[in-house]
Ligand SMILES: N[C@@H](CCC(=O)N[C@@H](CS)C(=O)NCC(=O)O)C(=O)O
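Just one chain follows, in the form predicted on its own, and it is written as structure tokens.
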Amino acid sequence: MLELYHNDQSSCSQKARLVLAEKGLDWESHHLDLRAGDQQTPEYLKLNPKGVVPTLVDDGRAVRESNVIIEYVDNAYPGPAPLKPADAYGRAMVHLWTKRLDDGHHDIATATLSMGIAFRHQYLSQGKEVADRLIENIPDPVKRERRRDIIYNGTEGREFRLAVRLWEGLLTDMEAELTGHGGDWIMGDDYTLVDLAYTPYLTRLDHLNALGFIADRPRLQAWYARVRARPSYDTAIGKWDNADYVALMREKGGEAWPRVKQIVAEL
């Protein structure tokens, strides 16, 4: 029995749900409310000491980290179709693309943009005492101080400009890759774990009213339309959308876009 500990709007959880949907696998859902601190309970920390989502449990064995989870599922459940190239070089390129997410894009670019624009308001609305308590409960001291700064300083936080720069660099490289080989997918003609892993990040820009990032990137626009058209997208992302969260992201994203656009112009 597969079990998934996840959150509806978490980009990493969306990745895990996408691979399960692409494989047509049944799984038991354990949804965690991150703002309530469900990921910081002693019970969950036994499964995932970092206190993050998702965690996949397969026959009693826990698998952590979203990019590890999607590769695990592809290896453990190869049907109906593998999501990695058959050749060693192609698999190495898959690792390079997914590694880029772990090497800063997720924790700095995506988390900072999302928190600095939208999610900080969920913390601030509860008052400073509650916000401080939630921040102090973050196990990782680096992530804790990064979260504190962006919650209280928003788009003027010390890492917000860096987050925008990282987004610009990533999207530029994705557009160049799609243009260079002319295929429909990031690795060429076949949909792979790379397309799956990057889908939640373009979705986050969409939810944040920040698709202006790809306004001049036609190949990337077409790629995003293709991933949204896959049946797995609605199963793993669309049907899990939290209406209140999406409304907050769209509202605050629209308000913040002029500042984001200004930062892009200054890069």
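Residue positions are given as counts along the sequence shown, with the first one as 1. Please read these numbers as outputs of a predicted model, since none were measured by experiment.
What follows is about the form predicted in complex with the ligand, which we do not show.
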Worksheet item: Heavy atoms within 4.5 Å of the ligand in the predicted complex: does Gln39 have any?
Response: yes
Practice prompt. Indicate whether Leu34 is a 4.5 Å heavy atom neighbour of the ligand in the predicted complex.
Written response: yes
Worksheet item: Should His105 be classed as touching the ligand in the predicted complex when contacts are defined as heavy atoms within 4.5 Å?
Response: no
Discussion item. In the predicted complex, is there a heavy atom of the ligand that lies within 4.5 Å of any heavy atom of Asp58, even though the partner is absent here?
Written reply: no
Worksheet entry | Options 143 to 151, 188 to 196, 170 to 178, 87 to 95; stretch whose heavy atom lies within 4.5 Å of the ligand in the predicted complex | 143 to 151
Practice prompt. Would you kindly say which of Val19, Ala256, Cys12, Met249 lies with a heavy atom within 4.5 Å of the ligand in the predicted complex?
Written response: Cys12
Discussion item. At 4.5 Å by heavy atoms, is each residue in Val52, Glu65 and Tyr123 next to the ligand in the predicted complex?
Written reply: yes
